[in-house]
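Only one chain is shown below, in structure tokens, and it's the form predicted on its own.
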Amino acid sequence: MQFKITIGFVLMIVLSAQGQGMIDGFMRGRGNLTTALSYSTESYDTYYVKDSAVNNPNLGTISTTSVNLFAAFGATKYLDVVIGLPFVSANASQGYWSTQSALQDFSIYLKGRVYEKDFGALGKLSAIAAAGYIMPASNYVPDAPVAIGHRSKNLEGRLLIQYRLPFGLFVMTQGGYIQRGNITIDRGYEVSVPDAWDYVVRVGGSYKIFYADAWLNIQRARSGTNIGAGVPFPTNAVSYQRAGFTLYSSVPPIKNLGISAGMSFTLSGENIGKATRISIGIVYNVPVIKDKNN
């Protein structure tokens, strides 16, 4: 049970650090609290204007780093509460654009297991539904090449299906819709941030204290503008296809502690940087109440 909880939370911290949301296919279990701290870094000098890859010498290389704090609590056997808060810093190697460093967006999700069927030696099928609310945690600037976020208030809904085999392998697929609110930019007028559909497919497995997976994340904006004059804007329609992998190991000398690492690549996109991201994290599982039924 402890390893399953920790593995599930590893997925959450790497999912969030690599932009895949905060919902995985594993429940924490009643009374279990898990905390995690992760660090990620990415950079790019090529970005997509609509779907054409271009460079901008006035910006050079844009680099982003983030420190991400997460926690998940099993309120019941069937319901988890998940929260996240990242501190993000972004800068451009050329030009006169100021570096932005600030708390980004606070996220809170309710995640519930709505269906589970055990097929014995053939494995287990489960379905999870989640709803989330995301709000800016600081007054960062959303309309600059080094913007750290949209600064919009978002509602998010997701449905996840996962099939787990008895010997540690699993296949997961999920789909979600992100509804983003309008924002008022520093120039004093209101603009619309496009909504988006988001999909993730993940294949992975665990053996003893080790875990590994590979994933594909696709996001499709419903509407929006294209990057103009080489400068992104909150109304841009941001779409992408990303792929990556996750590695994890527990640390046997220290009970309930584990370390994770992940890497992701932007394969294609619209109005987004062609970035490579590296993430590392440390996970600590705090069993508050023992639940033998999970």
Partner chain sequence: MKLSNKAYVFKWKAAIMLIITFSFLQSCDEDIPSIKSLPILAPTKVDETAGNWKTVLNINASSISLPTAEAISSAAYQAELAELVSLSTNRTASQTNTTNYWAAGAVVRWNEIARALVAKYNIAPIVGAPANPNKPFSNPPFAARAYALLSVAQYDALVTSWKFKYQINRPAPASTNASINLLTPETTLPSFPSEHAVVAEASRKVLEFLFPAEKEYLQKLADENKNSRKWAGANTQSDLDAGTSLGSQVATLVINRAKTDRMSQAGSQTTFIDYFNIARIAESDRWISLELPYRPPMLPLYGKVKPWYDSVSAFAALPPAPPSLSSSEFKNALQEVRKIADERTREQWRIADFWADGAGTYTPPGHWNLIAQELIIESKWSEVRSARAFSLMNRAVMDAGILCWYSKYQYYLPRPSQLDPAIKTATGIPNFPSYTSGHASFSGAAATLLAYLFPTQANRLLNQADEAAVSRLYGGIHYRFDNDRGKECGAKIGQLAVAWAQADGAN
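The structure presented is a predicted model; accordingly, all values stated were derived computationally and were not measured. Numbering follows the first chain given and starts at 1.
Another form, the form predicted together with its partner chain, is not on view; read the next lines as being about it.
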| query | finding |
| --- | --- |
| Per-stretch contact check against its partner chain in the model of the complex, the hit in 118-126, 204-212, 135-143, 164-172 (non-hydrogen atom, 4.5 angstroms) | 135-143 |
| Contact residue in the model of the complex, from 79, 216, 71, 85 (heavy atom within 4.5 Å of its partner chain) | 79 |
| Exercise: residue 107 in contact with its partner chain in the model of the complex, heavy atom 4.5 Å | no |
| Residue 130 within 4.5 Å of its partner chain in the model of the complex, heavy atoms | yes |
| Partner proximity in the model of the complex: residue 193 to its partner chain, non-hydrogen atom cutoff 4.5 Å | yes |
| Heavy atom of residue 57 within 4.5 Å of its partner chain in the model of the complex | yes |
| Interface residues of 167-201 toward its partner chain, as seen in the model of the complex [heavy atoms, 4.5 Å] | 179, 180, 181, 182, 186, 187, 188, 190, 191, 192, 193, 195 |
